[in-house]
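Below: one protein chain in two forms, given as structure tokens, structure 1 then structure 2.
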Structure 1
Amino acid sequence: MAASGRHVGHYIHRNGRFLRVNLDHLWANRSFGWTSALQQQAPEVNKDSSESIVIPRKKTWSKTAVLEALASTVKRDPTAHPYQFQDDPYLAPRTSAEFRLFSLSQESGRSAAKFFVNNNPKFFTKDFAEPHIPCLMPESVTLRLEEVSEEALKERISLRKVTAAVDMYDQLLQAGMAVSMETSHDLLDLVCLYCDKDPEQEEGPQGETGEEAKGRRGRMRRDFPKTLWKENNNAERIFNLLPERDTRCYSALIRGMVKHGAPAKAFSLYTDLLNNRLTGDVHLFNALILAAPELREKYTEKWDLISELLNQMSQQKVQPDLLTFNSVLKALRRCGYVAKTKALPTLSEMKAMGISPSLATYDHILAAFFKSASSGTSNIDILLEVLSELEGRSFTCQDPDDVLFFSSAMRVCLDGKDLELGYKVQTLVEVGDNWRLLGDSFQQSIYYGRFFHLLCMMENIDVVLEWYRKIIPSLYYPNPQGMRDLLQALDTDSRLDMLPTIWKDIKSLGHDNKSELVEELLALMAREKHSPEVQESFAECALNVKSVCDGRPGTEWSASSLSYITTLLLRANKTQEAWEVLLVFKAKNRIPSEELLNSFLSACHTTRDSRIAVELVQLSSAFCLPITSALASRALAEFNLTEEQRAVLSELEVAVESSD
């Protein structure tokens, strides 16, 4: 049996080797000529195989590749303050107001340092940074060319010296020297951009003025011009002095007029351009479209003017871009009911031309269909379609209004009380670097404030607290209304045992000086009885509230707040501390309620403290309260009193009855 197996194995081995040799020979001579597709591919394969493959000796990485790789391994710490404040823990902001103040202070210091570096470049000649960081090196801010020449004019234009550039241009004309068309274009762009004024230079500490801060809070959408276009200013004078005026000259002047509040003059100049048989450019039409609603009263007339401009773009063969369609949609926001009928066709036309919408596009779409205090299902449906289209995409800023989309979308979710849609908006924010498009700290605070308010209204308290720990304080500093929303959410889900913890956060966020918020916290703790452990923590919290408020000068206690604190202390059997609070009523001329005095007397009976009971009746008598006689009678009946105490109470009882 073993011998036969050995012979079989030898036979298979010998024939298998023969079969392999023949298959290799057949494969080498095999032709793929029986199919036309393979016949076409064969020469390409041979051609590619004949080319040499160059293997790079090393991989070329960017200079920040290692830093980017390390940064990708680190996640945001939800318990930490924003990174920009971590260098100085003392300046870690607690509130949105402090965040803005410290941010401005930091930027002011940076501006002061930059001003010193730029004005003293001789002290900063060495470059230690690797790779080179241009913003850390001195910039040329002083004029070096004093002779009258076109190069000197270019230098003043590059340094944004508007007045100096205009003076140099006048000197060139007086000297009979010609200025190139390109330099004239740059000069017109500069003068029109800054409305014939020198831009504000970074000269040390600066901050927002009261007017600017008021405008920032009150203005979310519209951009009001800081300076108004003046008649026959230097821009118009230079334009009229030009020997030849082309489209770019008209475009610069028209855009300056629109930017600085002179739309009627802009359209008049556009008519002059057409009379000179010139065509506009896309930037010119974008500015005119934005200004069109200012020249008409009726909504339909405004849209007719916008349509006419679009038709003229087509006739002049000017290709629209993203900002063109965004300008149309932004102008539609001032066209009332017409916006709903024209917004979606404009978006369809935009996509048909192969132009991808930006976040500002969808923000304008939402504004066309959304009105405050009238959140219908149509608004939710529009936002749902928008989010379905944007899902999973990462965006870069292409329009200044891109930063307004997320706060607008969250407002629609909040007004419609649609939590699921709110989560979709937040998910989109977390994709890639979309969080950068939330805007500045003010816009970011608005977005997260709306999101947190929606969570407090609609979500389970455990999820609310999870988000609370996730976004505060690293992303959002809640205002008093935000903390009030959290208190209401805790009340709704019967989690009042967490109120002492929330009080610590209220202190750390700097809201312990908001009397209404503090009183609401005390009212929730004192509304009903809880377990002894919870009552003990409430009493400690109430004492801490009193000590914090007493330590602040000018604190005005209300009768209700003092009543809540006294009640909480009585429930925790802290009679002596409660009596000290009751004395504050007399010191602050506040009158305690009859219910509180009865509860206090009952607590004294529980602790068998006759001394405080007698003093309580005397305090009631000092306030001339009608309940004094009843309190005196209860004290005489329920307490073991000395003869002296009985005499005092009897006298008070008789005195009140006689006065009645």
Structure 2
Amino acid sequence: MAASGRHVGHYIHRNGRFLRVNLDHLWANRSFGWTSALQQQAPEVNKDSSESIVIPRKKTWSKTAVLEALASTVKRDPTAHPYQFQDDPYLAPRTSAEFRLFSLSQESGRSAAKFFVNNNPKFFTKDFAEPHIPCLMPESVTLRLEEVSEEALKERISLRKVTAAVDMYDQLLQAGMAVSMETSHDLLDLVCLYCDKDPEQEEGPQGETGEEAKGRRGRMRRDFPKTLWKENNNAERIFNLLPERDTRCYSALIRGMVKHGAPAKAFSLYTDLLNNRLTGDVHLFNALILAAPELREKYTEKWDLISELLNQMSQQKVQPDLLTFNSVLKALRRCGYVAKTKALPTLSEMKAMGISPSLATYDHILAAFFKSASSGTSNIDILLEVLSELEGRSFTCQDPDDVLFFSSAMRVCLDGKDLELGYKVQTLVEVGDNWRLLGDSFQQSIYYGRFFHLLCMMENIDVVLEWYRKIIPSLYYPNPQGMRDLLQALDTDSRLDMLPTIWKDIKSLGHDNKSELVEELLALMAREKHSPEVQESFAECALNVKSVCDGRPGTEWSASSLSYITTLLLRANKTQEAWEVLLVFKAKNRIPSEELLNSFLSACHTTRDSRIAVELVQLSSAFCLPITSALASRALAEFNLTEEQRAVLSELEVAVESSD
């Protein structure tokens, strides 16, 4: 069809000259549209004569293709709230804590609704949807079959009721009924996976607390087993009861033992398997490789065990998969210096086997070469090569550890202060759906935190600010350290006039209660004199800082931050406001520096405000500062004073001198 269409096109092209102008455009479009069909059939076209008609294959579009095409036209808007919070602009999070709270409550709301629907199916019987939508209807979560039968056992297994399933299995055995091999496999899988405990109800409200606990602690050590494998638990008991044991039974048990922290038992079971003249499967070996470093003390011995396992795999004709090599590399991370020599051969082996590495593979390799500049190849070099290989590719998650790659790659860039490389990593993140592999919000904030730190350290301030507007706060809520980095970057490139804007952001990010950060901001503003307009904005900012911090109960003003504020106000000729800050000194029992009082007096002089000057000297004497007499004499000399003021001042001048 395509070819004939082309002939037609030619015909029009040649004969219909009067149409040509109008059709040219159309023609271009059409021939463009044919290219994919022609490419598909290109080999056949070459073989046959050019006369034959090539019917293009019917192209089946995936059901999401249209939506994907549409979605790709929408670019991220850095000024908008994240999409998941758009329904509730009032509650839109501005800090990471709020983000956590909001997303967790959203999630728990959904779970609660699901829980209610599933547990009360009698209220949700009406099915409006045509065609039927299964996920909107209640799922059965309660057991229906009560009698002792294999069907009931299967039901318990599919509902993941571990204890009930084990009970049912025992009842079946007592009744003398045989259980099919397939069902016992499933039962063993279930018991081993959950380590003989009922899994936490994911739909239940308590599932959320579990989620939260995971968020707090479990993120760093997600491999850490929650429950420990116990001696002679039901899994082992059922395993021993089985009339015959095949590889899958062993595999389930070994995987369960490794997952739940009993590597030594796993290896003894593996020996048992070999004694029974069985061969392992790939999952079993993956689990054993992962557990191997726990069994040996020395680094070389660990590697020996791993390579022995690999050799046995090869002898037993078990084909390794991606997870095998990722497990080897992950185990190598715990093998110290051996990792450096063995990681790259492992990667080559992997490629020789035709298995393309996932991001987790590269993550493990980077870890193996961490801080290894002394031996020649540093992980910066490794990362450079890895990135040159990965450039422009988009990935799907194949290993749960894939999500660690980007943040550790960025850490390498940060450690090496290599901005160029950092940009390369960021470019890779922006390709396709790779951003999904940044992981959950916690991982993502680590990644962007490192990236932003790197930018602040190495990049020109204009570019830093560009990135700042791009990623904050739509992707990343910086912590106080991040803001401090930004302040330093502003300082280095002397763009301190930006500080009032940054203060606004600090406020909205909820860091205005971090006294160190606020003090650093004030110090930067007060350090040098700037042009009058800038001073004006600084003074306003300082007042704002003061009002915000005063509004919060329990604020402890330090003497230095108070004097920064005073200095700023004085520079903007806001003597009255500055005087109020001085009173705060008194109220909070802080002592102003002599320098500050001197400059205050000079400011009074420029505004010819003798009243405040006298009060200043009085304040100083109230603090019993040694500078009082000097201030008093300065005031006497420089100001036009009334007799009364003069008397007060000379009294102070004398009083202090006499006390000396």
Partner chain sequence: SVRFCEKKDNVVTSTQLNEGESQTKQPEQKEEQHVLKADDGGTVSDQANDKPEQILAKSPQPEAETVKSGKESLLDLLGAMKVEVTNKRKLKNMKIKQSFESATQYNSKPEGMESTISMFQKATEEASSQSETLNSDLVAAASAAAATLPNRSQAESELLRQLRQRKALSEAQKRGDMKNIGVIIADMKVGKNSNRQNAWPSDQIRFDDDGRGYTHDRGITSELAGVRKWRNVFQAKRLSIFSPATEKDGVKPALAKPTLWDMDFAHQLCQSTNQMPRNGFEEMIQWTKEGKVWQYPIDNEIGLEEEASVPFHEHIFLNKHLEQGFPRQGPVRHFMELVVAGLARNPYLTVQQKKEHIDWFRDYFHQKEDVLNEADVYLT
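Only the largest set of C-alpha atoms that superpose within 1.5 Å between the two forms is called the rigid core. Owing to the predicted nature of the structure, the values given are computational and were not obtained by experimental measurement. Residue 1 is the first residue of structure 1, and the numbers go on in sequence order from there.
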Form predicted together with its partner chain - which displayed structure it is: 2
Exceeds or equals 2 Å, Cα of I591 between structures 1 and 2, core fit: no
Flag for K63, CA shift 2 Å or larger between structures 1 and 2 after aligning core: yes
Displaced residue check between structures 1 and 2: P243, CA, 2 Å or over, core reference: no
Cα displacement of P134 between structures 1 and 2, once the rigid core is superposed (Å): 4.4
